[in-house]
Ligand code: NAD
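This document opens with one chain alone, in structure tokens, the form predicted alone.
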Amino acid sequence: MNEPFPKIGVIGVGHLGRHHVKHLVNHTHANFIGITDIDIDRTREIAEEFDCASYGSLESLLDEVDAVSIVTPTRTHADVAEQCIAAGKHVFIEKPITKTVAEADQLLQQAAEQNIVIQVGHIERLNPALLALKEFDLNPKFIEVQRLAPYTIRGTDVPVVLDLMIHDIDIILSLVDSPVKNIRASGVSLLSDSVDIANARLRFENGTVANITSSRIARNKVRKIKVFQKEMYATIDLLLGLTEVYRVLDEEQDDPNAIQSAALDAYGNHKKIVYEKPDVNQFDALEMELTNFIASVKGKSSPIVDGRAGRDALDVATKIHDMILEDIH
């Protein structure tokens, strides 16, 4: 006999919360129960749009579900998630996991005690262009990231490190199998009351270095990652969905995926450089995140970005931001 689908609700139906509802309301492996939001008019509007139930309070929704998506402002994540976990509900929390690392640590402890799944919505970890690198043996020595965006009012109450850069921090921590050894950072506030442009340099204990630049004052959107390692260079355009790889191989070594190759005679060794464009399979990353969450709730999988990973990305982001503030003041 098939197990029943987990009953899921959405807490917070603003811009991003609406997309959670869109994906969950007809999900083939979930029983979507309904929504709640402190904005009653918005709750009614979304409930009508997707023909789903709305609940007047968090407590009333929690009485009906097994799991929830928390898509509320960051400052409320800890309080809302604590209530959900206390009620025995599994939680998907949009990034960042909480406002502070102390809050994240409290959630992790609470979830561990009650055997609750925490998944964090670091959606860029599922970017198709990034996943195209999984077929390669990665051991980065240097990583360079640019994430730039035009200025908009929405989101400027959050510093750029916690709004944009934290995506790339999470990606880098997933690529480098080593603890962070030290951090250097600088930044400026230009159009808002918080930091708008930031640069950080992470050095890991294994010697890997990552340089990250994030700005929300740019003419065009840019989301690019460059990964350098011994005899390999990869460039990933997260926005365009394009991945390119250059590798150094022995002259006689065959590469069936090579689009181009060129001879490279170095230090008496006969080598060649091959250029590849791995297939980038397009899909909806949010849908995959939520499907992974549902499978994790059922015990059929593990979160792609679990609570510990979300906490660690927040920890590095917080240290970067605090360093910038100290420098500014």
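Just so it is clear, the structure is predicted and the values come from calculations on it, not from any experiment. One rule holds for the numbers: they count along the sequence shown, beginning at 1.
Below, we refer to the form predicted together with this ligand, which is not included among the displayed structures.
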- Item | Residue (of Leu249, Leu173, Val117, Ile123) lying close to this ligand in the model of the complex, criterion heavy atoms within 4.5 Å | Ile123
- Residue among Leu314, Ile11, Val305, Leu24 with a heavy atom within 4.5 Å of this ligand in the model of the complex: Ile11
- Query: Hey, in the model of the complex, is Asp63 touching this ligand, heavy atoms inside 4.5 Å?
  - Reply: no
- Query: Hey, in the model of the complex, does Pro73 get a heavy atom within 4.5 angstroms of this ligand?
  - Reply: yes
- Can any non-hydrogen atom of Asp196 be found within 4.5 angstroms of this ligand in the model of the complex? no
- Message: Can you work out whether Glu82 and this ligand are in contact in the model of the complex, taking contact to mean some heavy atom pair no more than 4.5 Å apart?
- Response: no
- Note on the structure: Among 273-281, 48-56, 32-40, 292-300, the stretch whose residues bring a heavy atom within 4.5 Å of this ligand in the model of the complex is 32-40
- Output flag, Gly17, His77 and Glu94 jointly within 4.5 Å of this ligand in the model of the complex, heavy atom basis: yes
